[in-house]
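Two versions of one and the same chain are coming, encoded as structure tokens; call them structure 1 and structure 2.
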Structure 1
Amino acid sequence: MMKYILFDIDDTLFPSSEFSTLARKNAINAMIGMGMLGDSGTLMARLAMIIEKKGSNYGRHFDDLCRQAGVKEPARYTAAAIAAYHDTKTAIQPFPKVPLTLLRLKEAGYRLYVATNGNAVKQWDKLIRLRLALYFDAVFVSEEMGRSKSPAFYRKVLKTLGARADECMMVGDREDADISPAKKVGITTVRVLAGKHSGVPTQADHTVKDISGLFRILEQL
């Protein structure tokens, strides 16, 4: 019997890809507004390369961008970028059907959790800003778990919950982090076909366009 449902955050609970693009665009425009030389397209491309190389959790993307652009006194531009990026966060919203779906799942007696890669503070910040944090009984973040999403990550989650794999479901948008490793330990997997990874082929047990489709799956199970 299914008892525990694990959710990824990005492009599962909210449109992370859209938000990231907008936030970075606003940050670049703020840097230009402070007098930084260069056009937004070129600077966006450079920033994208830095993020790809250093990872999204690296904390000095804008400093590196200034360094690449030959800026000698980068503080004002970095500050402008960070302020604009965080201002954009105030507008983030979950996918439209997410809050009601989570509420109905809890009312039905399911235990809800988050399982996500990333920095713990940043991931909690998203959940709080999205006003979703209180729906979840616990949040499992790779930084605190000591490993990225992998079979070992999911085995540790199961051990922490005191749950069997066949009692758990993992819901996420990424094949490499949410679906494949969870499936290897016997967890039922549901792929959300949203965001920049939506075109990647899947071996998930089920697929949905948004998490409201979970009710159909749970009824079948």
Structure 2
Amino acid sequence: MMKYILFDIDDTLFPSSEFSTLARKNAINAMIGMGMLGDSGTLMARLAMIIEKKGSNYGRHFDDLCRQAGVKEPARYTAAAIAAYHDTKTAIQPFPKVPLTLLRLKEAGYRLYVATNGNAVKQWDKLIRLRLALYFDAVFVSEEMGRSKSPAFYRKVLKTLGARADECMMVGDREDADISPAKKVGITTVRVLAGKHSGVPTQADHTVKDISGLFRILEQL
């Protein structure tokens, strides 16, 4: 019997890709608002090149953009960009049906968990900003688990929960991190078709448009 449901965070509980794009746009607009020369489109393209080159977890994208532009007061523009970027990131909202779905699943007696790649404080921050943290009985973050989402990661989750694979369901948008490795250890997998990876083919046991689709799947099991 299904008892434990694991959720990914980004593009599963909230539109992460959309907010990232918006955060970058708002940051560029804030720089322009403080007097930076150049139009939004050109600066966005330059920023995209920096992100492409340095990776999205590199912490000094805006400093690099200022250096390229040769501005006289880099702190002026960097501070404006970071403030606007953070304001957007802290305004994240869950996909519309997520809070009520999680509440109904709790009412139905399921135990809910998060299984996510990334930095522990950053991932917790998202759950707190989304006002979803209290729904979850535990949060498994790759940083604390010592490995990213792989068969070994999911095996360790099962062991920690004292659960059998056939009592567990993993729900996420990423074939490589959420579906494929969870399926390998026998966990039932549900692919959420959202975000920038939604076109990737899937071997998931089920697919949903959003997590409210879980009720139909759970009824059929």
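Computed from a predicted model, the values in this text were never measured in an experiment. Between two forms, the rigid core is defined as the largest C-alpha subset superposing within 1.5 Å. Here, residue number means position along structure 1's sequence, counting from 1.
Participant: Only one is the form predicted alone; which?
Facilitator: Of the two, structure 1 is the form predicted alone.
Participant: After a core superposition, would you say D64 shifts its C-alpha by at least 2 Å between the two structures?
Facilitator: Result for D64: yes, a 2 Å-plus shift.
Participant: Quick one: once the rigid core is lined up, does K196 have its C-alpha move by 2 Å or more between the two structures?
Facilitator: After core superposition, the C-alpha of K196 moves less than 2 Å between the two structures.
Participant: For K89, is the C-alpha shift between the two structures 2 Å or more after core superposition?
Facilitator: Yes, shifts by 2 Å or more.
Participant: After superposing on the rigid core, how many Å does the CA of E73 move between the two structures?
Facilitator: Its C-alpha moves by 4.1 Å once the cores are overlaid.
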